[in-house]
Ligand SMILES: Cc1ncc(COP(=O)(O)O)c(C=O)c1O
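Only one chain comes next, encoded as structure tokens, the form predicted on its own.
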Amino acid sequence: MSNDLRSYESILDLLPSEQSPTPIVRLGRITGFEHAKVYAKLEWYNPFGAVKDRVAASLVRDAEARGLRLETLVEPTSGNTGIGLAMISNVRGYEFAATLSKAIPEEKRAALRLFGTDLYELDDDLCPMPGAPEGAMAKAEELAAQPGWTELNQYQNAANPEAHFATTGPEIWRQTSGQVTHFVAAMGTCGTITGTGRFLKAQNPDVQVIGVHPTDGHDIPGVRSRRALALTAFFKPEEYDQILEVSDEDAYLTCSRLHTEESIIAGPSSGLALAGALRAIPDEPGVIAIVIFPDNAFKYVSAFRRHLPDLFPPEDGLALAPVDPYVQHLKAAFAIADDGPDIITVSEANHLLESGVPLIDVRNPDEYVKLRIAGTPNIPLPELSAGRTDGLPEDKSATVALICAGGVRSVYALLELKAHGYTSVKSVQGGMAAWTAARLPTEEPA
């Protein structure tokens, strides 16, 4: 094997290590930070396209080292561990079966079939849940009881976090010359955050380990809500410094911004992790943060279609709605407004608020009640669009500021208020994500 020439005897030689890590890339535009350096660790540079390749390889190595007779492997999965195990099984000469939810994107299920997997599709959560009698975990356990079948069990097997303690953590430490101050990961099985966090804190206890999870009922494969994390063996909240919740909307919008502002082809769980990171990481000199980007966008086109519908034409075979020739002009107006003089920083917004200028929160009520800025009324964008004006100044020449989660909805609200005759409207760049990242005051519900 030659790393210099990138010439290898086996595809498994491409598995990362401290000497041959997956890359980290600094995010230059999306953070808005002046001092802190935020790096994305691009895990689709693993040989089979995801961070879970590390876990799959570790599970197989552990089983082989323990002398297990491996013929047919079976694993409950949300897709990526299954893909890794399928491909490693192909190299090793094992058969592989996966049990998973029918809600997993079709792109992932198609990939598993293409890679030779015997697929069992079931009614279950996106990330398999213990205790579901007809779910993916129960089905894998049933199949593993057959002669010649073995379940490696990423959800209970210590080889999962050990993969990250042995590789991901050392890679990050070396790539940052030991200067990493913050580590951020989305949470599913919690092998990544727990294994990597343990290694980094063993080197420097002051490294901040930050976990990010979605809301209940989310649509992001591979991660778990706080309720589901409570049933997860490797979820160790006592070992983390912060845990944050991020909505589907913020995750998918952040993901879209990564594509267009950073040219990084990240999947939805990457957007989830970064959205949380931008709330937690302080913009201070000396801050070096690493955010795990588990996989790329290409396995999630159907999910992007659901959450970013404006990017997709109607499905083939459906009657096409007349094309509105003015949509492109509205988009152009939004782009101009988003880069214009009415966009203010969170510091400027805080000064306006302190001077008595109303700051209107245009997020949805479920977002507002979880975390908000004291003294800010909530007028959700859909209600504002429908004509709601209570909470707005009667004098349409008075200054009013708007804030949302990430700075997108507030720009739409700005355009609407301008159309209604308000002449001094400001939108807060970066929204609540930037506000909390700047450590400006917030309040939580009692």
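Note that the coordinates shown come from a computational prediction; the quantities given were computed from them, not determined experimentally. One rule holds for the numbers: they count along the sequence shown, beginning at 1.
Beyond the structure shown, there is the form predicted together with the ligand, which is absent from this document and is the topic of what follows.
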Partner-proximal stretch of 369 to 377, 143 to 151, 185 to 193, 344 to 352 relative to the ligand in the model of the complex, 4.5 angstroms, heavy atom | 185 to 193
Distance check, residue 254 to the ligand in the model of the complex, heavy atom within 4.5 Å | no
4.5 Å heavy atom contact, residue 78 to the ligand in the model of the complex | yes
Taking heavy atoms and a 4.5 Å cut-off, does residue 168 contact the ligand in the model of the complex?
-> no
Quick one: does residue 300 come within 4.5 Å of the ligand in the model of the complex, counting heavy atoms only?
-> yes
Listed residue (222, 211, 105, 271) with a non-hydrogen atom within 4.5 angstroms of the ligand in the model of the complex = 222
Heavy atoms within 4.5 Å of the ligand in the model of the complex is the criterion; list the residues of 266 to 297 that meet it.
-> 269, 294, 295
